[in-house]
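This document opens with one chain alone, in structure tokens, the form predicted on its own.
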């Protein structure tokens, strides 16, 4: 009898041990979806995402972060479907390639029961996300315009190069225009340059061909600004007192500000590390005993020769 009891206890203990091991091996799966890097800011974001993945998985062995980048909106929509159907994610951190075409795919992920964190580019339908993390887009536009007003006078002319058509581009542009309104500064034209150097070059070439008198350029983004500067130099108009204001905080741009670059004298911060912030907050939703749902809006500091050194990180990829 004692032998049978011992065997039964051993069998029961083994079964419980297997069940415990299975529970121990269960992972909290968090998908992280963002566009394939095509410019420096996105490359910096990718670097921060990969480093956050290593850090968080080392800190929490039961967290599985699944990073996927996509080259276009359609590919990103397909990637989101796979994160649900194949990986059965518990949460999604997503930086939409574009707002409108990714709204329904993210909503479908939400319907699967996953927690949703949206980064940077808001969706076209409010209320889908549980957590929103972004730079201060209206403030980026407003700070840029305030600097323009400090340098320009009534009757001066500027051109504007916008980003990809998204909610955050609208927020930046609308705030910039609201601040410029009433100053007497003329906005000659504005066109989308898609946060891309080549597009920035092409759009600025068009502006230069149509407008002989331009006093300043709001490029909104450091990659666009690089294209703008290249177009100015090719046209021989980089020494006529015109200046360019970009945005993001690229290390090459900040180094130029530190060195007294008169063509690009300032920048406005928009940190690519926000993807890591979003991943931290999403993990905290599963690990913290405090509430984390809500909006996290980061700052938009004007980077000048006086403070540029504190934003300069030479070892960063961005």
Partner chain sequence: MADTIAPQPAARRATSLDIKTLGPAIALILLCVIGFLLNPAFLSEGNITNLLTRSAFIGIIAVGATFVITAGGIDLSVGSMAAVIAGVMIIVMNNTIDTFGTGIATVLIGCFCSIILGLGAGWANGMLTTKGKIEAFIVTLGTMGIFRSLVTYFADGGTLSLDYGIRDTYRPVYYDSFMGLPIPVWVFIMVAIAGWVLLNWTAFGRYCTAIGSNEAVARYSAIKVDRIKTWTYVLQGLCVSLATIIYVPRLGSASSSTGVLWELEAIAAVIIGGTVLKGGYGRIGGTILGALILTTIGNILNFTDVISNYLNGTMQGLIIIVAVWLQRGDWGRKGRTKL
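This is a predicted model, so every value here is computed, not measured. Numbering follows the first chain given and starts at 1.
The discussion below concerns the form predicted in complex with the partner chain, not included here.
- With the partner removed from view, the residue among 43, 263, 67, 284 that has a non-hydrogen atom within 4.5 Å of the partner chain in the predicted bound form turns out to be 43.
- Checked against the partner chain in the predicted bound form, the residues 149, 87, 192, 237 give one hit for a heavy atom within 4.5 Å, which is 192.
- Stretch-level contact analysis of 284-292, 269-277, 35-43, 57-65 against the partner chain in the predicted bound form, using heavy atoms and a 4.5 Å limit, identifies 35-43.
- Within 4.5 Å of the partner chain in the predicted bound form, a heavy atom is found for all three of 196, 205 and 209.
- Contact annotation for residue 165: at least one heavy atom lies within 4.5 Å of the partner chain in the predicted bound form.
- In the predicted bound form, residue 227 approaches the partner chain with a heavy atom inside 4.5 Å.
- Contact between residue 170 and the partner chain in the predicted bound form is found at the 4.5 Å heavy atom cutoff.
- Proximity of residue 233 to the partner chain in the predicted bound form: non-hydrogen atoms within 4.5 Å are present.
- Distance between the C-alpha atoms of residue 48 and residue 312: shorter by at least 3 Å in the predicted bound form than in the displayed form.
- Relative to this form, in the predicted bound form the C-alpha atoms of residue 50 and residue 312 approach one another by 3 angstroms or more.
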